[in-house]
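In C-alpha cells, the next block holds one chain alone, the form predicted alone.
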Amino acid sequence: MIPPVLSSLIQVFIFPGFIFILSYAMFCEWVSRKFVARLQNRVGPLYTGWEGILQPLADSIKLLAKEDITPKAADKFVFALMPVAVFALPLTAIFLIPIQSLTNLWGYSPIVSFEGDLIIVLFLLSVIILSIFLAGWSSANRFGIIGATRAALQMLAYEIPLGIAMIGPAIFARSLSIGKIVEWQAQSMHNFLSAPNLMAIPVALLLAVGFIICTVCLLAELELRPFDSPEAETEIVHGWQVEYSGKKLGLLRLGHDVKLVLASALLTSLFLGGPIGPWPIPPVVWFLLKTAVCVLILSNASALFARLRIDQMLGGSWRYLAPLSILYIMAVQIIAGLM
C-alpha cells in the first residue's frame, strides 16, 4: 500500500498533477495547430515526432535555450515575475478540476476540493488578467503598453458574463464546489436514464446557453481570434509580449497552453459532466475526450473568424453578452426553484 504522503506527491507532481497537465497541454497545442492548419489548407507541424506531435516540446526547449533579454527601461522585477505568474496561476486552477474518480461511483474529487473552489478558480482567472497587464506595462514598450491595456479592457469586459455563466450550473447543483457540480450532473444523468422527466429539457437548454456564453468568453480570455487584438501583429507588433524572449517567452507559451487546458476543463466540468460518461470507460479517458472536443471547438472558432476591432469587441460584451448572461442566470434561478 502506498503511504499517504507519497500518494499525495504522486498526485501533485505526476498524475493528475504537474507532469500530466503539462504533457496534455502540449498535446492540446499540437491538436489545435494541426486542426487550424487543416482548416486553412496547411499541413501544420510535420517533422518533429509522429505527425509533428513533439513540435510544442521542441519549441519550448528552443525558447528555453535562447538568449533572455530584459529591456533597460523595464521594471525588471515585475517583468521577470509575470511570466512565472502567467504559467503558475492556471496550473494551480487545474488542481481544482476533477480529472478522475478518486472515491466512489458518484465521487469525482480533484487534487484540492472544498466548498467554494469555483470562486477560487474565478479569482485565479482574474489574477491572470492582472498578471498579463503588468507583464506588458512593465516592459516600458509603447506597443507592450497598448497591448496590455487592450488585454485588460478585453478580459474585464468578458470576465463578468463568464462568471455569471459559470455560476448557472452551481445554482442547479446548489453548491460552489466543482466536484459537487460534477456529482450533480452524474446523479442527474442517472435519474434521467432511470426515470425521464420534463424538467430535464429546460435544464439541458439552459446549460447549452451557458456553454455557448462560456465558450465565447474563454476565447477572449485566451486571446484567440476574433479576440486577439492585444497581440495584433499587424498593429502593435506582438502586443504585451513584444519584449519577451528566451525563458520568459517560453513560460508565457506554456502558460497559454495550460490556460487552453483549463478553459477546456472548465467547459467539461461545468457543462459536459466532467469525467463521467454513459459507457464504462475510465473517467480520465472521458475527461481527455471531452476536453479534446472543447479544444477543437475553440480552435474552430479561432480559425473561422477574423479579428474584431477593440471597440467591436468591447461593444459585443457590454451590449449583448452581458445582458444575455443576466437573462440566462434569471432563467436558471426560476427553473432551479421549480425543481
Partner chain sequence: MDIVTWARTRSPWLIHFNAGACNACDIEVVAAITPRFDLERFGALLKGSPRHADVMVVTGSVSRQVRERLKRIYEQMPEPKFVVAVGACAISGGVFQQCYNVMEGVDKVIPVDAYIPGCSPKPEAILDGVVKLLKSAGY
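None of the values given here were measured: they were computed from a predicted structure. Positions refer to the first chain, counted from 1.
This next part talks about the form predicted together with the partner chain, which is not shown.
Student: Taking S138, E159 and H256 together, does each of them reach the partner chain in the model of the complex with some heavy atom inside 4.5 Å?
Tutor: So, no: the whole triplet misses the partner chain.
Student: Which of these stretches, 123 to 131, 239 to 247, 165 to 173, 89 to 97, has heavy atoms within 4.5 Å of the partner chain in the model of the complex?
Tutor: Looking at the partner contacts, the answer comes out as 239 to 247.
Student: Select from the listed residues M26, L63, M313, V295 the one whose heavy atoms reach within 4.5 Å of the partner chain in the model of the complex.
Tutor: In short, L63.
Student: Between the options A58, A303, V285, V31, which residue brings a heavy atom to within 4.5 Å of the partner chain in the model of the complex?
Tutor: Selected residue: A58.
Student: Can you work out whether I69 and the partner chain are in contact in the model of the complex, taking contact to mean some heavy atom pair no more than 4.5 Å apart?
Tutor: Yes, I69 sits close enough to the partner chain in the model of the complex that at least one of its heavy atoms falls within 4.5 Å.
Student: G273 near the partner chain in the model of the complex, any heavy atom under 4.5 Å?
Tutor: G273: no, not in contact with the partner chain in the model of the complex.
Student: With a 4.5 Å heavy atom cut-off, would you call L54 a contact of the partner chain in the model of the complex?
Tutor: Heavy-atom contact with the partner chain at 4.5 Å: present for L54.
Student: Would R309 show up as a contact with the partner chain in the model of the complex if we use heavy atoms at 4.5 Å?
Tutor: Looking in the model of the complex, residue contacts with the partner chain do not include R309, since no heavy atom lies within 4.5 Å.
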